[in-house]
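Form predicted alone, single chain, as C-alpha cells, below.
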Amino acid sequence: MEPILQVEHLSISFSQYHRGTRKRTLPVIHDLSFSICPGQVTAVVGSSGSGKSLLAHGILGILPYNSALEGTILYQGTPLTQRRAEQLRGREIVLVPQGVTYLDPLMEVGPQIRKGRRDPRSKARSRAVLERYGLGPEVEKRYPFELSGGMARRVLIASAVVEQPKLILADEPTPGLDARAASRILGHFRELAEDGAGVLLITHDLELALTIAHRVLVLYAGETIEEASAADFSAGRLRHPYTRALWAALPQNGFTPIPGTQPYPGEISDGCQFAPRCPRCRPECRGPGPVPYVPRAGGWVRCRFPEGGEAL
C-alpha cells in the first residue's frame, strides 16, 4: 500500500540572537524519517522538548518566520510544498490541537463546525458528525465555555473531521483527561483510521498510545531513535535502550526512572544524544559523526549497539 505521508530526512532549525547581536542556529529536529499508510495510526512519543509538536507544524506548513526546514515531505507521493499545504490544510490534512482554547469562545459550536456555512447540507453534516461522537443537536447552540472538557475535545475532533480528511494530525489530544475519557477520545482516532484515514498521534503518554497505535515512532532530542510496531513493546523486541527505558518506566513495568535529562537544542553534540544516560554506552557511541538510522528486525533504530543484534 502506498503511504499517504512520507517524511524523509526532515530537519528543522531556528535562528535566534544570542549574547546581544550574535546570531546562532538551533537544530530542533534532525534527520527524521517515517511514513504513514491509509488506515494506519502512527504514534510519535517522547518527552517534552523532543520536537513532537514541531513535526506537526512542519507538515502543516505553519512554522514561524525564523525557522528553516530541510528534507522531503510527500503527500500521496507528491511533494507537500508550502503552497500545497495551504490548499489542503483544513480539508484533506487537518490538525486536532492539544488545547480546547482553539475553539472560538464567541461563536456557537454549530457555526464553528460548519465553518460559517448555513446551507442545509452543511447543517446535516454538522449534526451527523456531532452524533458520531456522542453529542446531541443541542450542542450546536452552545458556546465552548458551556462544554465539559471531554465534550470540548469531541467538538475539536468533529470540527477537524467534518470534511472527511485523509490525514489527521492529533497533537496531544488528551491532556487533563482521566484514563477512561482519554481512552474514549483515542478510540475515535482508531475509528477514523479504520475508515481509511492516516493518523499521526503526537503524545508523551506511551501507555495510551499503545492502545490504538499500529506503529510507534520514538523521538529523543529531535531525532527518531526507533520505529517499532505496537506489538514489539509487549513482546520485548525493542531495539534502543531509551525505548526500553520508557517501557520500564510505566507503572505496570516497575516504574523504573531514567537518570539524567534530555539535552536542549543548543547542547546537541556528535554521536548518540542518549549516550550520557545510557547504561550500555561505549566510547564509540560518543562520535565522531551522527549515528545512522537503519532497519532492524522489522523496525528501525539509531544505536551503535542495539538490543538483539550486532554492533553497527
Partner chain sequence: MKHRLQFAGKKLLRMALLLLGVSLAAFLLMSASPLDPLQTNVGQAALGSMSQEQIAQLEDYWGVNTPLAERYLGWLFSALQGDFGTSLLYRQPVLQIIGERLANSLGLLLFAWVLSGILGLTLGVLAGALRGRWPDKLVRGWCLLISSTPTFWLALLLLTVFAVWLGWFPSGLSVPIGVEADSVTALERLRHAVLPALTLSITGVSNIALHTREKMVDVMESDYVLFARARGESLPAIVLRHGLRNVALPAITLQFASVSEIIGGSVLVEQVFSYPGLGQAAVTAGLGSDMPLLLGITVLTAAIVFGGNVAADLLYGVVDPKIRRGAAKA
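Numbering follows the first chain given and starts at 1. Computed from a predicted model, the values in this text were never measured in an experiment.
This protein has a second form, the form predicted together with its partner chain, left out of what is shown; the following refers to that one.
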Seminar exercise, completed: As a check of understanding, the residue in G134, P120, G116, P79 with any heavy atom within 4.5 Å of its partner chain in the predicted complex should be identified as G116
Exercise. Using a 4.5 Å cut on heavy atoms, which of A231, A179, A128, L106 is close to its partner chain in the predicted complex?
Worked result: L106
Seminar exercise, completed: Which of 91 to 99, 221 to 229, 184 to 192, 238 to 246 lies within 4.5 Å of its partner chain in the predicted complex, heavy atoms considered? The stretch 91 to 99
Problem set entry | Distance check, R142 to its partner chain in the predicted complex, heavy atom within 4.5 Å | yes
Problem set entry | Touches its partner chain in the predicted complex: H57 (any heavy atom, 4.5 Å) | yes
Problem set entry | its partner chain contact in the predicted complex: G71, any heavy atom under 4.5 Å | no
Problem set entry | Proximity of T174 to its partner chain in the predicted complex, heavy atoms at 4.5 Å | no
